[in-house]
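Shown next as structure tokens: one chain only, the form predicted on its own.
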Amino acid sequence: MTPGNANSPDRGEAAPGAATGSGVASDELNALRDDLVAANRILVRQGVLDAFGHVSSRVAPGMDRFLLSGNLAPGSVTASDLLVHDLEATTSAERSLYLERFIHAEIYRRRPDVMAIVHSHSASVIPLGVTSTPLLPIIHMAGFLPTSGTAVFEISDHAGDASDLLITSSSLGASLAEALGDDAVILMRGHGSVAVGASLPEAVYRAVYTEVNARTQLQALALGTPRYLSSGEASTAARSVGGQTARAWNVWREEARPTTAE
């Protein structure tokens, strides 16, 4: 990792309209930085992220660069903390990086359709990744979940039985990305989940409603035998309700806007 400099796109905001090393005009990159800061705040407010977890965004369609914060609690992330990473999960900035940045790099490498990724440890999801009960779509807001059951990544198959459960290498990131396949969400046994989307608002929406669906499923299981969405209902809901992600994003973004005091 080589040191960055004051004019690097990895350090703060460049002058509007200027070219950047990311291959994207600086005003576009700065707008994306603002949205990514908002995404961090939204996910904290929605109980998906806390002091841990992270969210990234590909800098532009078809590009092999993505924005991800340096190693910070999500609620502390500012625009100047967002670093341009490549698909080797490296950046020119001389900063401490997230240990699990390989999750993002390897999914972007294999999924050109993915524009944003959320990795979280949201509480209601964890039980469904450590038991034989699969995460299934039970609410219409979560039609993006597979009706056959959300896949669970078993890290011990790839790292043995003495790992810290973290995705700290390209090889582990590749294994996780392969297990995700073409799905929107994958669980990680004893760890959390990853949600992806074709846009930053969609990835945030899916991360939020994965947690809401999991919580609702656990409540329903306590009462009896749930009736889950059929494959037809899930696919129809994913199209109709999933097309409303901007509605959720806009209200969440406004709620997460920093106050003057901040």
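Please read these numbers as outputs of a predicted model, since none were measured by experiment. Residue numbers here begin at 1 and follow the sequence given.
Note that the form predicted in complex with a further copy of the same chain isn't included here; everything after this is about it.
S.K.: Using a 4.5 angstroms cut-off on non-hydrogen atoms, would L128 count as touching a further copy of the same chain in the model of the complex?
M.R.: Answer yes; at least one heavy atom of L128 falls within 4.5 Å of a further copy of the same chain in the model of the complex.
S.K.: Could you tell me if A51 has a non-hydrogen atom within 4.5 Å of a further copy of the same chain in the model of the complex?
M.R.: Answer yes; at least one heavy atom of A51 falls within 4.5 Å of a further copy of the same chain in the model of the complex.
S.K.: Any of the heavy atoms of G62 lying within 4.5 Å of a further copy of the same chain in the model of the complex?
M.R.: So G62 does not count as contacting a further copy of the same chain.
S.K.: Closest heavy atom of S76 to a further copy of the same chain in the model of the complex, within 4.5 Å or not?
M.R.: Because a heavy atom of S76 falls inside 4.5 Å of a further copy of the same chain in the model of the complex, the answer is yes.
S.K.: Have a look at P112, G190, G181, G149 for me and say which one sits with a heavy atom within 4.5 Å of a further copy of the same chain in the model of the complex.
M.R.: Of the candidates P112, G190, G181, G149, G190 is the one lying within 4.5 Å of a further copy of the same chain in the model of the complex.
S.K.: T90, S80, S156, S169: which sits within 4.5 Å of a further copy of the same chain in the model of the complex by any heavy atom?
M.R.: Contact residue from the list: S156.
S.K.: Of the listed stretches (82 to 90, 173 to 181, 101 to 109, 160 to 168), which one has a non-hydrogen atom within 4.5 Å of a further copy of the same chain in the model of the complex?
M.R.: So the stretch in question is 160 to 168.
S.K.: Within 190 to 217, which residues come within 4.5 Å of a further copy of the same chain in the model of the complex, counting heavy atoms only?
M.R.: Read in sequence order, the residues that approach a further copy of the same chain (within 4.5 Å, in the model of the complex) are G190, H191, Y205, Y209, T216.
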